[in-house]
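A lone chain, given as structure tokens: the form predicted alone.
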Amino acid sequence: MIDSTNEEMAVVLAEMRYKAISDLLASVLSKKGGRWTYTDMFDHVFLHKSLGIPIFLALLWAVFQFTFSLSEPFMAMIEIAFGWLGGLAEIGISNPHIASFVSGGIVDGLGSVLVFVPPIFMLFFALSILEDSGYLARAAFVMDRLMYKLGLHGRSFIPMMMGFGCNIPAIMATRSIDNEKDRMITILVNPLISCGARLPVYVLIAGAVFGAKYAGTVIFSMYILGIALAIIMALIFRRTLFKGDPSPFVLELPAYLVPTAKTVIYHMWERGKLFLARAGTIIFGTVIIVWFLSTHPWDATAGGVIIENSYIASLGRFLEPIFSPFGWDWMTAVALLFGFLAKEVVVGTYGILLGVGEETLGESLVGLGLFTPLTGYAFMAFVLIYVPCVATIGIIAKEMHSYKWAAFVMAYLVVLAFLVSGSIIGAGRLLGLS
């Protein structure tokens, strides 16, 4: 008899099938010697029932430590370069309006985004190594049992991992999921997987309020928070909107390979160039809009520094009451508003509003009292959860064949962002944190 009280029947049947196959192979197939191959040894560790998930989390933590630590020197060099360019613009251009546009708009705005090219490319470099080595397929296999119990299809893991790079191709990758309910749930929760566009915000805030020693761990916690929320929401959707069991998951594990420098760099470039393309189009256009609103009316500014009667200050003051309970001011409200177009713009917006270069942006955020460790961490969580970029909303509407579903995604994510960030602030204040 099969006891299915603790496991779903489909899982039990699948295990019995593979046991029958294994028994059949054992009776007709003979192997020379009893020595384990490298694949056998690695799989014995990486696919271990108890150790598999902790190993996956440990590797993920190592990826973000590697990303932050190795990219720091390159970020410093870019900061110095853009600081030098901004200084040249201020000195060399006599017209104050044009000088402000070049220095405060183009150099400071775009420079505060491009400084995060190194950590983004380092992240993709590390993920490419895991993928090309054959490990990511094992991670999907290890996570399948847990995901099945929580209402997600095992094949959903691949699009979710792709979401670490960009949610747009990740959502398109859900086409590989045959069951429509499984596919819909995966699309609905995929925006909770932290994409590369959010990484500049994490690097800026975590580095500023937690310091280089703890920044990598704090950034890692954001990715874990996103995964946890995706699983929780998938479970809720499975029990409400899309009732039923996930379909069985069959995955062919590739052989382990030693990644080559050529393929790893190629994959890193293919994923990273999307950030560069966005920086030259959507991000650049948005920071120019922010610069215009922050410097006009022209007589409302002094030396490019924001004063109370600029257009953007008026907009920020209008939105500020929504976010003031979290300890965030009007600048944060404006940054989040423009972040809807592209998450990288959050950083560029702060650079323009504060009138500083990227080399002192983090120090300014802390020095002016805009963020403490508590409010900074809650802000990072809000950026993680609240509406994804406008391009992601568009692809959700396309893949789900309905703008109503896209509107639903935006609504539930905004509500969830306020709930989670509010809970972080509330718990922190109860513990005596400021």
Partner chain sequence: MGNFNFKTGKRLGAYALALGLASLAAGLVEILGGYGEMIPSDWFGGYALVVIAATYLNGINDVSKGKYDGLSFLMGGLFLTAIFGVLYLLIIGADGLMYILGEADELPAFVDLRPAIWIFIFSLPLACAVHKLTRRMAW
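From a predicted model like this one, the values you see are computed outputs, not experimental measurements. Residue numbers count along the first chain shown, from 1.
If you look for the form predicted in complex with its partner chain, you will not find it shown, but the lines that follow are about it.
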query	finding
Check all three, Trp330, Phe338 and His401, heavy atom within 4.5 Å of its partner chain in the predicted complex	no
Non-hydrogen atom contact Leu88 with its partner chain in the predicted complex at 4.5 angstroms	no
Contact label in the predicted complex: Lys262 to its partner chain, heavy atom within 4.5 Å	no
4.5 angstroms heavy atom contact with its partner chain in the predicted complex for Glu72	yes
In the predicted complex, Phe46 touching its partner chain (heavy atom, 4.5 Å)	yes
Among the candidates Val387, Val366, Leu57, Ala391, the residue which, in the predicted complex, approaches its partner chain to within 4.5 Å (heavy atoms)	Leu57
The unique member of Ala99, Ile80, Leu319, Leu235 whose heavy atoms fall within 4.5 Å of its partner chain in the predicted complex	Ile80
Option from 322-330, 212-220, 345-353, 289-297 whose residues, in the predicted complex, bring a heavy atom within 4.5 Å of its partner chain	212-220
